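The chain that follows stands alone, in the form predicted alone, written as structure tokens.
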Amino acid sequence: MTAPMTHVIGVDLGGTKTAAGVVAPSGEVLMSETIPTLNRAGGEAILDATAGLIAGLVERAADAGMSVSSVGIGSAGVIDASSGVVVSATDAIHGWAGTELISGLCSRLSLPAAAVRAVNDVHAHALGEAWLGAAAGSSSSLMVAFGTGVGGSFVLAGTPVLGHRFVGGHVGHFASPYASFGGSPLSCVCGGSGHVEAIASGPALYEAYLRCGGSAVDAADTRGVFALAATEAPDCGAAFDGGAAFDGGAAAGSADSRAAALRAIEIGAAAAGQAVGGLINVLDPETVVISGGLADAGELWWEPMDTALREELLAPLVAIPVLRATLGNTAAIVGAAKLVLKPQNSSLSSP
């Protein structure tokens, strides 16, 4: 008799929203739900809400005749993958550091500890892209995401390299020669200065726009910077907002602001490309995947990023494939599910 197909739940727990899905062994997300992350209510409240989200999906899966064996989680913060504790986190989620992520969910859902695994959300994202996305079939892949922050993951033989203290992947926090102004290094959100994230993230790009003489009246945020730049380069593609299209002609702005927008994008993209190129020289991955809102912003960002990246590479690496991520919002759900997708002898019942 053929054993029943085992499904799992993948969870993408971020600073603003938490998404989860029932995932088949093939990696197909069969059903999903999203809730706001209670990022000001503390760790226990977030665990309560996440457990409710998971329980609801288990029930929906059961109603559809599917058994669910385990739960994989990609979470914001530095996650101790062995104990399931949040080692550290930014203030994007208040009270998240120190939260017992795995044991807290297990107790709420009456699950054995072996049924739940957790890693940082960027590692989950990279694992999804390595399994079924842009890097599918690669023996090793480097994924770097440029959005609200800068993060990354190196996936080797199907496993993300987490590091001895689980801090691996913080690729936004090494020095960049672009991250300075007026002879002083730019402050970074980590408390350091002169780091890649301080010049190559979405918010940093907006700050660069203001430093270059752009007006907040003409562009109120990073998306506005891309809209302004599009009036100078109308074929640049989608605005910075996860790939959402925009009407470039709607933001005329002043000539100074438009020039500042172009310059800020050029600086941020060059910093991003140089950083990724340096990482490639160190890691020599088979495939490189670029993700995040800036990667979806069109050729106006991609072209200078790719040019700077190629200029940084050692000679044997010049032909390395550098690809845009393909799984979109499901990448971390799929990657989190991959953590626990293996044959199981038992299934979870709906609490």
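None of these values were measured; they are calculated from a predicted model. For every residue, the number given is its place in the sequence shown, counted from 1.
The following text describes the form predicted together with another copy of the chain, which does not appear among the structures shown.
In the predicted bound form, another copy of the chain lies within 4.5 Å of some heavy atom of P285. When another copy of the chain is considered in the predicted bound form, S103 lies well away from it, no heavy atom lying within 4.5 Å. Interface residue remark: G95 is not counted as part of the site for another copy of the chain in the predicted bound form, having no heavy atom within 4.5 Å.
Proximity of L314 to another copy of the chain in the predicted bound form: non-hydrogen atoms within 4.5 Å are present.
The stretch among 215-223, 103-111, 152-160, 124-132 whose residues place heavy atoms within 4.5 Å of another copy of the chain in the predicted bound form is 152-160. Here the marked residues H173, C190 and G278 all reach another copy of the chain in the predicted bound form, each with a heavy atom within 4.5 angstroms. This chain lacks the partner; the member of I320, M66, V29, A55 within 4.5 angstroms of another copy of the chain in the predicted bound form by a non-hydrogen atom is I320.
Residues are counted as partner-facing when one of their heavy atoms sits within 4.5 Å of another copy of the chain in the predicted bound form; in 149-169 these are F154, L156, V161, L162, G163, H164, R165, F166, V167, G168, G169, in sequence order.
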